[in-house]
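The form predicted alone is given below as one chain in structure tokens.
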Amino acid sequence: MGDVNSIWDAKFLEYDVAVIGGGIIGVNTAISLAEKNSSLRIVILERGIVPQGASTRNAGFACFGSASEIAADIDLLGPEATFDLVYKRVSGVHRLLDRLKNHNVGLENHGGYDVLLQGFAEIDSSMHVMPHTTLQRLDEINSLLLPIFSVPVFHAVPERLAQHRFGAYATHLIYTPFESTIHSGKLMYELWRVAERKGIQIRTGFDVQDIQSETVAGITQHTLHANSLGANQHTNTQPPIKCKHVVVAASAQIPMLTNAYADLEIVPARGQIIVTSPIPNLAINGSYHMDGGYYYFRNVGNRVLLGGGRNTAFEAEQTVALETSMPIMEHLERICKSVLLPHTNYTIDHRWAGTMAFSSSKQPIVKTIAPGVTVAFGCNGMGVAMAAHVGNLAANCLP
């Protein structure tokens, strides 16, 4: 039998750095590495044809957290850690948009709302609606965040409730002018273009299954193997990638790929989304959060995109599966009909799921866990906000 590889293949299979995950954190990490050292040979390994985790399957929010979510974080993490988290998110959004300032990413600045609910749990017992204590804490939250924004960031706007034509379960609105929406597809497309222009190679369809490390004469080399079975369940002859350094940036895959090195307390989580048919004279415009950020919706043109609901089935949604689940889909449809569009005729035209990941501290986790192996994690549902910041931190971990 002949060799599997030719003598010419090394140019395609050997790199200084391999970044696992072609999503928003992986690409920002690769770009930061190239900006730090343009001589590095860098490859991004993405298991899908497009970024297959959450980067093109999210809602497209450029946000830093709703008022009710920040109130919950103060109770969970304390004021100092919450301030630090919001600061990282805000600065991360600015860093990302500055990186793409000459690119069309579908940025729209219409502000964001926190929609407070009352009574909906009575007709859908799977939903655990947070109490309305956020309204009484706006001064506390605004005072905490004043050094970041220089002005009060959240405002109760009861006068705007009627114009949204929500159902009776929506009882209060809190507004911030500091949120925007983006087109997630355009964002990732432009980031990939930036990476390619910096000489970074992007390999799609390479589903990394394990990292094998070997140290010889004090030099560590890593070998990355793709899934052993192809789409037709035939043996995949795809050769492995060899590199000096690995950055694991595929958020939901981190626990599987790093379990031989460290327990990072990162848990995968599925996020599910529905999108309506076009709706004439749609009153929803901008980004919206409900129930501490567990639900989120926005307009996409004259359609409504609604996602969330994992809080109704935490254990079942700790998965990397990309299939939608019927209980979550039905739950989101009830919210859409009863809360968002109670007097409107529409159909659900699109449904999808993406895989995120969460850490108990909600802080980014960026560290070298073994010689030449670095983890770059920072999503917690805030990939757009944290990606450029995390990518810069990860790039600084490499010599």
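Start at 1 and count along the sequence shown; that's the residue number. Since we're looking at a predicted model, the values are computed, not measured.
The form predicted in complex with a small molecule is left out here; the points below concern that form.
The three residues P51, I273 and M356 all sit with a heavy atom within 4.5 Å of the small molecule in the predicted bound form. Only one of 111 to 119, 74 to 82, 200 to 208, 166 to 174 lies within 4.5 Å of the small molecule in the predicted bound form by heavy atoms, and it is 200 to 208. Only one of A388, V17, V375, C379 lies close to the small molecule in the predicted bound form, with a heavy atom inside 4.5 Å, and it is C379. Exactly one listed residue, out of L45, L33, L340, A67, brings a non-hydrogen atom to within 4.5 Å of the small molecule in the predicted bound form: L45.
Among heavy atoms of H331, none comes within 4.5 Å of the small molecule in the predicted bound form. Taking the partner from the other structure, the small molecule in the predicted bound form has a heavy atom within 4.5 Å of a heavy atom of G60. The closest non-hydrogen atom of N299 lies beyond 4.5 Å of the small molecule in the predicted bound form. Although the partner is absent here, T134 sits far enough away that none of its heavy atoms falls within 4.5 Å of the small molecule in the predicted bound form.
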